Structures are given as structure tokens and as C-alpha cells.
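Next up is one chain by itself, shown in C-alpha cells, the form predicted alone.
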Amino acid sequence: MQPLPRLIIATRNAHKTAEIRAMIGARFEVLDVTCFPECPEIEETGTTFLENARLKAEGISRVLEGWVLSDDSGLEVDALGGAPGVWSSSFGGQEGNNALNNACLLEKMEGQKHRGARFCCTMVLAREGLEQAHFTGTVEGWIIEEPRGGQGFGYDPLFIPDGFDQTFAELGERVKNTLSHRSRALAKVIDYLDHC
């Protein structure tokens, strides 16, 4: 039996890796950079999701052979002029602190009547230090006034996607993975890889 091709996710975020692994199924052996101690930390200095995803994919693909997939994603809130955007993971002042990020968002949204928002994801595939292709996915919805649900991560407890009355954190992984911004971008990645 032939081994599965390897797809390396340019992240140290176990939640993100698990989400991508669940969505991609048995097509690839999905690993992330925690499996490769030689991988450098890639500083996300871009001002767009594409710039940050490109930095990570190209940087890791200079060190590791094969396909490297990165994504940069975040929440854009209309009433906040698109914030937190590329700074979604540090919006509350501390990188990766979901509780602080959610509290900061709720504080800034206090009294706002228009609560439209979207999750955006840009994914970049790279090999040998060069981007091969990039893909985007979005899901529209709105921000509620207090967190609901115990599943998911990030802003999931505050975001209700259009057409639903539950947050991503209430809908659970199986439903979220069929309609999330990441699943929409990843479907395009899979289609691309299937035709390579």
C-alpha cells in the first residue's frame, strides 16, 4: 500500500490543524510544524490575510519538502471598519487569548445596532519556498451580545452564521466544518491538489 502524500500545515495551532485534518479526510497525511523542530517561527508582518499566509507557507516550504499549506484568517466586523481583521488573534492585547479577544470585541460592540460580520480565510500552497496558488473563503453572519456554546475556538461563541440561529460554538465541529470560511477555502485547495 502506497503511503499517503504529506501535507504540512504551517501552524502550531492544534485547533487549526485538527479542523483541517477533519475536513481533508484521508487524502493526505496532515502534519503541522510542531512535528518538525527545525522549523523557524515565521513572523506575521503582513497587513492582509494573503500577505501573512504567503509569509508562512513560503517560509516553511524553504525548510521542508513537499506541499506546505498555510492560512491566515480572522473576523471582520462591519461596525468596527473591518476590525479585528488580521489582528484577530491579538485583538484583546495578548496573542491567542480567546477570552480577552472576545471581551474586547463585546466591549467595542456595546450599543451597536448593526452587528454584521464575516469570517475570512486565505490559504496559500507553497513548495520549495514559492507560492503555487492561493484560495479564499468567507462566511457571513453577525455578532451576538454574549458568548454561547462550548465548542470551537476564537470568536466562535460570538458569531452566528447567516441562515442559522446558533453560534459556531453551539453548532459543533461537524456542522461548522461544512460551512466555515476555512472549509470553503480548503475545498478549493483540495480541488487544486486533486488536479496536480
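Each residue number is its position in the shown sequence, starting from 1. None of these values were measured; they are calculated from a predicted model.
Same protein, other form: the form predicted together with ligand ITT, not shown, and the subject of what follows.
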(request) Mark Lys16 yes when one of its heavy atoms lies within 4.5 Å of a heavy atom of ligand ITT in the predicted complex, and no otherwise. (result) yes
(request) Examine Glu95 and determine whether its closest non-hydrogen atom to ligand ITT in the predicted complex is within 4.5 angstroms. (result) yes
(request) Verify the contact flag for Phe153: yes if a non-hydrogen atom of it lies within 4.5 Å of a non-hydrogen atom of ligand ITT in the predicted complex, no if not. (result) yes
(message) Check Ala10 for me: does it contact ligand ITT in the predicted complex (non-hydrogen atoms, 4.5 angstroms)?
(response) yes
(request) Select from 177-193 the residues with a non-hydrogen atom within 4.5 Å of ligand ITT in the predicted complex and write them out in sequence order. (result) His181, Arg182
